[in-house]
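Here we start with a single chain on its own, the form predicted alone, put down as structure tokens.
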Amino acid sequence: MNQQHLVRMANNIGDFFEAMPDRQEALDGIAGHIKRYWEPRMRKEMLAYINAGGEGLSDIVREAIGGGRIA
């Protein structure tokens, strides 16, 4: 899967949830959406991308899915 496509999709999800007034709810929403709707290989690739630096990911997405929250 194209990593830049995954980054773009993750950032779009982040943009949607970032508008929520409660940051923790936004973080949970991002992680939950990715966990529910992305297939395991997509999530695995995104985690590897973050571990390699995660260039281009928004801060909220990086925070939401870092640390294995989507594994």
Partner chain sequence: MFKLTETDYGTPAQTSDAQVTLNIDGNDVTVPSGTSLMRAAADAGIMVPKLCATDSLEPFGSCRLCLVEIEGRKGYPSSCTTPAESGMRVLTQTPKLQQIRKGVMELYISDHPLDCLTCAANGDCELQDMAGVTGLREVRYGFDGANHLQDAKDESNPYFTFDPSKCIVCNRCVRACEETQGTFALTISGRGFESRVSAGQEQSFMESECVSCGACVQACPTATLQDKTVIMLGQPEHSVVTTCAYCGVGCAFKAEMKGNEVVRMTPWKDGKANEGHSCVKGRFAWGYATHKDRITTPMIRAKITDPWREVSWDEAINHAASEFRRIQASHGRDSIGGITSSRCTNEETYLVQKLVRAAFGTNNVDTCARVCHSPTGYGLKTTLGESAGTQTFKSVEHADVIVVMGANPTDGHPVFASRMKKRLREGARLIVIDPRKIDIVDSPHVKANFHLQLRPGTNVALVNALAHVIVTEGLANEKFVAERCEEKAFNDWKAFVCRPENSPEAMSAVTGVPADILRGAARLYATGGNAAIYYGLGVTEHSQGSTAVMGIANLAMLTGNIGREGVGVNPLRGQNNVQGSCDMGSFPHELPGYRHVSDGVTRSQFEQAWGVSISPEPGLRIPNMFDAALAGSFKGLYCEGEDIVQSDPNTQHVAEALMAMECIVVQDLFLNETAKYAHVFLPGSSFLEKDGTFTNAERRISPVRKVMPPKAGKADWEVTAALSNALGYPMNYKHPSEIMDEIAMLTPTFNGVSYAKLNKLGSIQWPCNDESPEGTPTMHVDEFVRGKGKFVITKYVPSDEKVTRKFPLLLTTGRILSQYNVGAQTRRTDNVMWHTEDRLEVHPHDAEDRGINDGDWVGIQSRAGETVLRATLTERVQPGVVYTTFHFPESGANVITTDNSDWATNCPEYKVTAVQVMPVAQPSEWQREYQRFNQVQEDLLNRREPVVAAQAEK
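Quantities reported herein were computed from a predicted structural model and do not represent experimental measurements. Numbering follows the first chain given and starts at 1.
Unshown form predicted in complex with the partner chain; subsequent notes refer to it.
Peer 1: With the cut-off set at 4.5 Å between non-hydrogen atoms, does Met42 touch the partner chain in the predicted bound form?
Peer 2: Looking in the predicted bound form, residue contacts with the partner chain include Met42, since a heavy atom lies within 4.5 Å.
Peer 1: Looking in the predicted bound form, any heavy atom of Val61 within 4.5 Å of the partner chain?
Peer 2: So Val61 does not count as contacting the partner chain.
Peer 1: Examine Tyr49 and determine whether its closest non-hydrogen atom to the partner chain in the predicted bound form is within 4.5 angstroms.
Peer 2: Residue-level check for Tyr49: no, no contact with the partner chain.
Peer 1: Spell out, yes or no, whether the shortest heavy atom distance between Ile13 and the partner chain in the predicted bound form is within 4.5 Å.
Peer 2: Ile13 belongs to the contact set for the partner chain.
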